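What follows is a single chain, given as structure tokens, in the form predicted on its own.
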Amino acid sequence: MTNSHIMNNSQIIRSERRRKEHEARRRVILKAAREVFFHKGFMDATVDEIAERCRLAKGTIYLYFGSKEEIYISIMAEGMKLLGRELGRLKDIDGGDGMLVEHALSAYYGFYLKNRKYFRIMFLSSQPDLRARVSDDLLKDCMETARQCLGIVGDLVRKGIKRGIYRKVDPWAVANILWATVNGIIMSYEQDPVYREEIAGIELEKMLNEALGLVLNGLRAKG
């Protein structure tokens, strides 16, 4: 083996080591940030607290993330990927039981129950002033995951149309209607205890099932 081959191999090994170290440090920062954001929310959390929790200098945090907002959106991206995996399990459902959209709501509600703190981050992070301080690449990655999730729901509607379960509709539009409806209801319950406890007075799961029933009444094929 020539000296040049030895040098190239050494450079590859060093480069791979640096990459792994970078990813490991990034995971440490995100773990600390997750704990801080989950406990205090976006507004009250600080980069100083995140740095203190992961025992790094504040300046080191900024070597990996450009802003507090970027850290926050990165955690949102984690949540979106978890949701994508949950919904991805629905791809092979054949619709033989006639309950395609119902399976989607069940999977989504199950994700919410297991990941309520992620859920709050996912939907607070849609605010334009927060997203303005985040890199385009990171936002595109999050938006692509969201589109994939909606696409899975749209495919379920499309499958139901082919099986004669649903009438002919725009599957993409229905997926977005369901997404907006379910998220709107959940966020009303999450953010406004007065509405949840003193005005609505209905359990969240019952409210979601009522909303799904209204959607299905318009979606199902007649006869």
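Predicted model only: the values in this text are computed from it and were never measured. Throughout, we count residues from 1 along the sequence that is shown.
There is another form of the same protein, the form predicted in complex with the DNA; it is not shown, and what comes next is about it.
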request  = Report whether the minimum heavy atom distance between V169 and the DNA in the predicted bound form is within 4.5 Å.
outcome  = no
ask   = Does the 4.5 Å heavy atom contact test between I177 and the DNA in the predicted bound form come out positive?
value = no
inquiry  = Test of understanding: in the predicted bound form, would E197 fall inside 4.5 Å of the DNA by heavy atoms?
reply    = no
task = Evaluate K58 for contact with the DNA in the predicted bound form, applying a 4.5 angstroms cut-off between non-hydrogen atoms, and reply yes or no.
result = yes
remark   = None of V28, I161, V47, M187 but one has a heavy atom within 4.5 Å of the DNA in the predicted bound form; the exception is V47
note = From K140, K91, R133, R147: within 4.5 Å of the DNA in the predicted bound form by heavy atoms is R133
request  = Could you tell me which stretch in 112-120, 149-157, 92-100, 68-76 has residues with non-hydrogen atoms within 4.5 Å of the DNA in the predicted bound form?
outcome  = 68-76
